[in-house]
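Heads up, the chain below is alone and in the form predicted alone; it's given as C-alpha cells.
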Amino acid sequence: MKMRLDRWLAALGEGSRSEVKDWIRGGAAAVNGRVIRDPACSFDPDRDVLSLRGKALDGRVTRHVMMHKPAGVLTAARDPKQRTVMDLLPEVYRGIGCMPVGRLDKDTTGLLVFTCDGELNHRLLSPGRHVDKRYRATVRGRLEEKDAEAFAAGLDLGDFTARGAELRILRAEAETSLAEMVITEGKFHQVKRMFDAVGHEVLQLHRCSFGPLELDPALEEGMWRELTDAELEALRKAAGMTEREDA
C-alpha cells in the first residue's frame, strides 16, 4: 500500500503534516537515496527506504507487538487520567495505528498483542474464530473437580452463557488455589465472572498465551518486542488469513 510522503513522515511521528511538508519542500527528505521535494509523491513503506536530514528511518507502518502487560495499566488507546498500555510503547506505534487486540483488565497481567492490521485484529476477536486464550489464576478457596466439570459444561453468567472451558487445577488449598484455564471467548470480565459463578474470587490473573503465541519469558512486566516472522505467520493462520486469501 502506497502513502504520500508527507503522510508517511507524519505517521512515523517525525512532525505535524504541515511541518513535514515544509521539510520535504526544503529538500530534507530522501527516498531510496533520492531527494524528494514533492510532499504528494507516494511510496511503499514496506519496500522503499526513507531518510530525513541524512538519517535513515524505520519506515514500516505495519508492525505487530507482544507486551507483558503489567498490573495497574489500562488497555486503552489513551486516557486523560490513567496510564495506558500505549504509554509503554514509543509514540510511533500510536502514530501508525498499532492497537491492542482485545483487552486485559487493569489488574490483569500477561500477554497482550498489538497490530496495525485491522483485518487481523477483527478476525482474532471474532466469536466464530474460537481463538484460545490461556490464563493462570490464583483464586480464593479450594478448587475441586466439580469446578472443572462446571467449567467444561459451560456457565450461565446471566447476560450470556460461557462456552465450555478447560480448567486445570495446579494447587488446591483451603485458603487459595492455583489453576490454568483456556477459553475461546473474550467477554467483559469473563474469567473472573466464571470463577465467581462457582464461588471463587479471583485474586490474581495472568494471561499466558493468545492463540499460538506464548508470552516470551524474557519479557518482564512492562516490556515488549515485535513479533517474529514465524509468530506473525502463526497468528495469521489462527485468524484464517492465508496467502491465497490475501492475494
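Just count from 1 along the sequence shown to find any residue number. Source: prediction; values computed, not measured.
Unshown form predicted together with a small molecule; subsequent notes refer to it.
Of the stretches 168 to 176, 88 to 96, 101 to 109, 114 to 122, only 101 to 109 has residues with a heavy atom within 4.5 Å of the small molecule in the predicted complex. Only one of the listed residues (198, 36, 213, 205) places a non-hydrogen atom within 4.5 angstroms of the small molecule in the predicted complex, and that residue is 205.
A residue is said to contact a partner when one of its heavy atoms sits within 4.5 Å of a partner heavy atom; residue 191 meets this definition for the small molecule in the predicted complex.
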